[in-house]
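Coming up is one lone chain in structure tokens, specifically the form predicted on its own.
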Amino acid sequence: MLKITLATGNSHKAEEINIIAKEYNIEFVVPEGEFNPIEDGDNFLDNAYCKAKYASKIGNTELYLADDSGLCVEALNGEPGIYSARYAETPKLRIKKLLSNMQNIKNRRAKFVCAMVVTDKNGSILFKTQQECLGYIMEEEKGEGGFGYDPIFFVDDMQKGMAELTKEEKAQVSHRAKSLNKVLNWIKNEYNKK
């Protein structure tokens, strides 16, 4: 089984990704200790690269995968965007702030964006992709699953809230799943054939 370092300190993310990666005979492991890279990029791909490069300096696998994802709301000029995780102190406060900023706004269109970058041990980029999951911001929270902004995001493809999806449904339509499938196919069809 190929082990790849997943450049994150978020165990939810690793769990979600390993569900999808299982059939490819790949296991993603999180770096040991505190993972705290400086994300100073101007976009999702830049920030994903910051994380992958940081992980490649502390990890001991051949490949390093990092993602940077966030919620972009049309009526808020793409906010919270790359600042999604830093929009407020806690997930509950982030949701509260977003719903408050969207009071009386009719256009509730939004998208989740996920950029992924794969690097080698030297921090050189081997593959990158960016995928989206389209939907809109609901007026109130729904569902028990997911994390982050999932409770207020309605998924067009499934016609229900992201937090109402099963793990298997989420693995089919989420922005992270779409990006990860591109990465896994690249590993299977390009990287493994070297």
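Everything numeric here is computed off the predicted structure, so don't read it as measured data. For every residue, the number given is its place in the sequence shown, counted from 1.
Omitted here: the form predicted together with a small molecule. The next part is about that form.
The stretch from 53 to 61, 124 to 132, 22 to 30, 66 to 74 that comes within 4.5 Å of the small molecule in the predicted complex, counting heavy atoms only, is 66 to 74. Of the heavy atoms in residue 141, none are within 4.5 Å of the small molecule in the predicted complex. The small molecule is not shown here, but in the predicted complex it comes within 4.5 Å of a heavy atom of residue 149. Looking at residue 172, you'd find every heavy atom of it more than 4.5 angstroms from the small molecule in the predicted complex.
Taking the partner from the other structure, the small molecule in the predicted complex has no heavy atom within 4.5 Å of any heavy atom of residue 154. Contact check for 7, 35 and 39: all three have a heavy atom within 4.5 Å of the small molecule in the predicted complex.
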